[in-house]
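Below, in structure tokens: the form predicted alone, a single chain.
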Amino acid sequence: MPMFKAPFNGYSVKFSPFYESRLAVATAQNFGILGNGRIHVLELSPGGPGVTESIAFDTADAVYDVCWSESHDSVLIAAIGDGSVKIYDTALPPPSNPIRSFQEHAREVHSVDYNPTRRDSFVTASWDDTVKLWAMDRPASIRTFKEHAYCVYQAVWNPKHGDVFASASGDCTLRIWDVREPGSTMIIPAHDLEILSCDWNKYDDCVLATCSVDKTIKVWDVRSYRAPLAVLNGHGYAVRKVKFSPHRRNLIASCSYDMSVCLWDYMVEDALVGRYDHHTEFAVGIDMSVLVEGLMASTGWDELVYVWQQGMDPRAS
């Protein structure tokens, strides 16, 4: 399976929504604590196990997350450790990039998510305890959402409702927001310890998953959230990212500080259906291809990016 060695520690990996062989990787020097960052755009070799770098962009600070535009096939957005949000056009050479840079967040920007239904806006989550809404054609953010009492680690759009997003925070709450409303529309005290990630089910717009420092993944239904639909146990340390499959309703992927990537079917009793132990350091980034069913990617602090098909060994050549 394809593998790429980056010079810095991996933080995030995202498949292109336009090209099945393209993905972007966010990396940071010195584990993201101090130093530079780099964004890699990778191409999978057709019919073979190889992966090549098509372009790379250097940043003066760590890159914690990256996402592709849903409206322009060459555009990606990066969440930077200096509080900036930068937009890159991969069709242009590195000296012509970034094409835009926004400096509003007071601390590290930890996640960025492009609106998949409206396709004209994106949200960023920051360690300054806020979420910001942006539009590609605006010179500044449209709105700042201030309710969380601690770092916001991720904000992610609902796959069906273009005005609704969820945010996961170190204040141990999951919040649901509608950009047309003055405040959050729902507050779920989802875990007793910090919540590091959340994601919506792609087939049921009322269901989402959270993961936490408490080593668990929980699945929630916003129509009845007093108790989770499922609690998934199996990781040995904090669960860093959680992601619903774009192809299978019940399938969730996760990655953890225990260095593993896991697959779960949250509707069955023995929920853990796959475990991959290919990373040798914290596994912190994971994605599942929208265009190729079963194709997965992960990255971690071992400076490696793996791309593989579900059920296969990520390390197999």
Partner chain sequence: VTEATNEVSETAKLESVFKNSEPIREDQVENAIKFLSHPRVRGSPVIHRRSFLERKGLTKEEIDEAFRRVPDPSPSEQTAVTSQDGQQAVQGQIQAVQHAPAPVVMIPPPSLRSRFRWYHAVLAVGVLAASGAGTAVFVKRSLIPRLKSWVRKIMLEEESDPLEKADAKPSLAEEAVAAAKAASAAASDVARVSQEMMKTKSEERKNFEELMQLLGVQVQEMKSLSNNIRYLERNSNNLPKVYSANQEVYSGLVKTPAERRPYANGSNVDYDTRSARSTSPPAPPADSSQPPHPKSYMDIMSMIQRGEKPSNIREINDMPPNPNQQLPNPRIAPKAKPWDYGQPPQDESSKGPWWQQKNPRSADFGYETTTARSIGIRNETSTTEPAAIQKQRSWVPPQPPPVVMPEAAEAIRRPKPQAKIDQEVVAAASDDQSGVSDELQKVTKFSESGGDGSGRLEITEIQEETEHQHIGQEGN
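Positions refer to the first chain, counted from 1. Everything numeric in this text was worked out from a predicted model, so none of it was measured.
Note that the form predicted together with its partner chain isn't included here; everything after this is about it.
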Would you classify residue 153 as touching its partner chain in the model of the complex, given a 4.5 Å non-hydrogen atom cut-off?
yes
Since only the chain is shown here, I'm wondering whether residue 45 would be in contact with its partner chain in the model of the complex (any heavy atom pair within 4.5 Å).
yes
Decide whether residue 144 counts as a contact residue for its partner chain in the model of the complex under a heavy atom distance cut-off of 4.5 Å.
no
Distance check, residue 77 to its partner chain in the model of the complex, heavy atom within 4.5 Å:
no
Contact check, 123-156 vs its partner chain in the model of the complex, heavy atom within 4.5 Å, ordered by sequence, gives 127, 129, 133, 136, 137, 138, 142, 147, 148, 149, 150, 151, 153
